[in-house]
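Here's a solo chain for you in structure tokens, the form predicted alone.
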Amino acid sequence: MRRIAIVVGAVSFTVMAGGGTALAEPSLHPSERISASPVSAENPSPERPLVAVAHRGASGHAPENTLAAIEAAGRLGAETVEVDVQLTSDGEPVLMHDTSLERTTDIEEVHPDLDSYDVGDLTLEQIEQVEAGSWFDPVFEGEPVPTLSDALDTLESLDLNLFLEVKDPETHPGIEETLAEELSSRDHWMEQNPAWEPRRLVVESFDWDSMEESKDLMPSVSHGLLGEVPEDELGDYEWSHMVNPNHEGLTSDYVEAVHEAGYEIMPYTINDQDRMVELLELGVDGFVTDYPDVGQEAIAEFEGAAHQADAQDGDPADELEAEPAAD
């Protein structure tokens, strides 16, 4: 059986009628921040499913980091979507992977006289004047660069979970608090899914210091570390829930070390189905892909093979249960 390890955060909650829980809303001020004391623990609910995370939306089928890509992920049956977020010069969070808008929008045509096309040098009004779809396919002409608010609305309406990657936090001072304010104002994103479902929200970045600050602001929210954390440093990030490295060169020993340290592991970005199955055989908890439909096929293939192997091996306990009692 696949074993998953997680980090459990100790956060305040109140018991509601009907047995549900309401997580404490994260504080946004240092003097009021909730103390979280995570401990490593084996997942008591091994039912948490394998997940094919839709990279920048279903970016193999629609322009990345757009509402069209999120909607495509939903149509293709994805459960979780990953998008990238940055701040405009006037502090508005928008979806964009690259530092500059040049690759994925028509900004050079719309604003030919600007000195910089970087997200952080543009106002939201300037970004709202460009379109971000026709570079991918003319059918998507007119697709806007979405705000995080628009993306959250769309994800919630489609009942999709979210991996939110914070891009280059050092170039966007205060982004951690801005995101905490946006997310904590929405009850939906502050509620955790049960352990047998994918995580509702994971905030992640290659900047691990930024993620520690974000976790301090939002202790009830799962956080992830992008990149490969050295094995001898895995114990330094107990506040985190995931270590999500590049899939290239990933070994079963590293996956095991990550699990033993109390983290889940979902490598990026894999588009070949055979490679997806290879990674699942290494023991990963899921992966990130531009093609969530192919990812789900790989998971079905892997789980089908595992089920067949279990059936061939047989379960002595099942055999004993099936035998009639002796007179």
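Residues carry their position along the shown sequence, with the first being 1. Being a predicted model, the structure only gives us computed values, none of them experimental.
Beyond what is shown, the protein has a form predicted in complex with a small molecule; the following relates to that form.
Annotation: in the predicted bound form, residues R199, E264 and D285 none come within 4.5 Å of the small molecule through any heavy atom.
Of the stretches 293 to 301, 271 to 279, 255 to 263, 49 to 57, only 49 to 57 has residues with a heavy atom within 4.5 Å of the small molecule in the predicted bound form.
Note on the partner interface in the predicted bound form: the residue among K167, K215, H241, H247 having a heavy atom within 4.5 angstroms of the small molecule is K167. For the options L87, A72, L226, L234, the one in contact with the small molecule in the predicted bound form, meaning a heavy atom within 4.5 Å, is L226.
Although the partner is absent here, E176 is not a contact residue: none of its heavy atoms lies within 4.5 angstroms of the small molecule in the predicted bound form. Although the partner is absent here, R186 is not a contact residue: none of its heavy atoms lies within 4.5 angstroms of the small molecule in the predicted bound form.
The small molecule is not drawn, but in the predicted bound form it has a heavy atom within 4.5 Å of F206. For the chain shown alone, H111 is not a contact residue for the small molecule in the predicted bound form, no non-hydrogen atom being within 4.5 angstroms.
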